[in-house]
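Next up: just one chain, as structure tokens, the form predicted alone.
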């Protein structure tokens, strides 16, 4: 992990607020001149702190009306099974987030699809056919309250 100072934190906060802000605008906000600001942004990108830039798309506006949180339990715990499940989840475009967790399940996946019939196909054709799965539980989001929020960054 890179050692982030107050300028780096300020740059990250500015980019989380508006990733389309110009370097000059960001530099003014964090009280740096444009050249050092751009250098810092490039270093944050190169080090992996900034993983990319993307649009925040309204799911419902593009016809993705169903969000499901899927708890996945594997039957045989091994490094190979875990790696295989992780690779499978990463490869599924319907999975927008996936986590290895503790508790009653082993994985938690956020799945975003058009509707219940599409989710049923996803469940039966993609999830239930994965080897080593012993249980799957689907939790349907009734209403989205908050998504895609900026990270609360530590202050330096």
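Quick caveat: nothing in here was measured; it's all calculated off a predicted structure. Positions refer to the first chain, counted from 1.
One more form of this protein should be noted, the form predicted together with another copy of the chain, which is absent from this view; the next part is about it.
Practice prompt. Give a yes or no for residue 56: in the predicted complex, does one of its heavy atoms lie within 4.5 Å of a heavy atom belonging to another copy of the chain?
Written response: Yes, residue 56 sits close enough to another copy of the chain in the predicted complex that at least one of its heavy atoms falls within 4.5 Å.
Worksheet item: Might residue 108 be said to contact another copy of the chain in the predicted complex, defining contact as any heavy atom within 4.5 Å?
Response: Yes, contact at 4.5 Å.
Worksheet entry | Close approach of residue 34 to another copy of the chain in the predicted complex, 4.5 Å, heavy atom | Heavy-atom contact with another copy of the chain at 4.5 Å: absent for residue 34.
Worksheet item: Is there any non-hydrogen atom of residue 97 lying within 4.5 Å of another copy of the chain in the predicted complex?
Response: So residue 97 counts as contacting another copy of the chain.
Practice prompt. Quick one: name the residues from 126 to 156 with any non-hydrogen atom within 4.5 angstroms of another copy of the chain in the predicted complex.
Written response: Contacts from 126 to 156: 137, 139, 140, 141, 142, 143, 144, 145, 146, 147, 148, 149, 150, 151, 152, 153, 154.
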